[in-house]
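For reference, the chain that follows is the form predicted on its own, supplied as structure tokens.
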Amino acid sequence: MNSDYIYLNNAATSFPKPPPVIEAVKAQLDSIPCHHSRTGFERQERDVFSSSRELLAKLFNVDKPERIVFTSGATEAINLALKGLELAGGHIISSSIEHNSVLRPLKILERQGIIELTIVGCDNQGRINPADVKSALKNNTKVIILNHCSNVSGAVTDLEAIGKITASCDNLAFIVDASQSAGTIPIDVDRMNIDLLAFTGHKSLFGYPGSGGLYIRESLDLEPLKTGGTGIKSDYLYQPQTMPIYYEAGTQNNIGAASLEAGVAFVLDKGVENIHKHKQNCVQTMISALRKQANVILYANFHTDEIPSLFSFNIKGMDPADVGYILENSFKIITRSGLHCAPLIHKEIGSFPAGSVRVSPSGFTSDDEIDKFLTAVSQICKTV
């Protein structure tokens, strides 16, 4: 992408990547392929995989880094979580703000007759009420799986409140989709009582696409999603149960691990709270200005203590796909239009079936870029 474009689609994939991430990937490409953990895992040699795990453990307050397993992203991590648990005859609670990475596996399990599913609704800004989650509990509820941060409205779920609910129940797993929040919003798996945390690397962790992982609480034993080569105990014809290799069959993504190592190090150095505050300031500036545009419909939280790190909008009388096209082709501003793989929340906030235009700044978004975006929207509004 040319440098003269303004990129406001970081909720899809972050851009630009910090220089250390690019340097780390180049170093991997210029190095002889080496998989220390596969040739001698018991020696615990330091490499990009173990280093990435250690940094992720620090980011999420995980005591044992080996409880973090690498996947191709949040979709695989969520599938591992849901398909690895024994769910037959159980009840699962989820919500209408979920991404299809959660909704589709759940609906398939429901269609197969394996689970009973309850979808808890949200308000017109995409917020989930923990009391509604608690009210949905049944004697056979086995899982609560929720999005930490909506990829449509930016609303943040109160994980600590819901974690207290799950902590009071026996044999109830709390799964969190942290695709939008990891690297932007503080996450503490202990304080929030999270049993399984799915995250992707290519968004606010500044890693490359194809990277991500799943934190698995030590008390949980999941069946692997895939089995095969591990590089250790090759004479053993069953999957070695050593963590984390038990869940990492196949050739490992060393490029992804290297990008995560550098990306998470960057996030920890800058501070999650600082990155979050910068995004909030960007969003607050944008939505404050857009509220003055009579033709703009905003799907965002206006409570000053809950400013989101992304938001969506529409222009009355225009299809969001057209708005996104004009922004990109006339003003060189990249956003994302449509349903954002999260159809149910659009029904709740009133933007279904066309969806909305999503704006998601990064820690690098400048005041000048915000001004140019606002000027562009103002000019588009004049054409309606």
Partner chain sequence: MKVVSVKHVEDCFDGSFIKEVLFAEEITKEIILKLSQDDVLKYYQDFPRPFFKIIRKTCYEIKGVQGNKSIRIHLKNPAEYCIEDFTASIESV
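Being a predicted model, the structure only gives us computed values, none of them experimental. Residue numbers count along the first chain shown, from 1.
The form predicted in complex with its partner chain exists for this protein as well; it is not shown, and the discussion that follows is about that form.
When its partner chain is considered in the model of the complex, Ser337 lines it closely, a heavy atom lying within 4.5 Å. Using a 4.5 Å cutoff between non-hydrogen atoms, Ser31 does not count as a contact of its partner chain in the model of the complex. In the model of the complex, its partner chain sits within 4.5 Å of a heavy atom of Ala321. Put simply, Ala27 is far from its partner chain in the model of the complex: not one heavy atom of it is within 4.5 Å.
Every residue of the trio Cys341, Ile380 and Thr383 has some heavy atom no more than 4.5 Å from its partner chain in the model of the complex.
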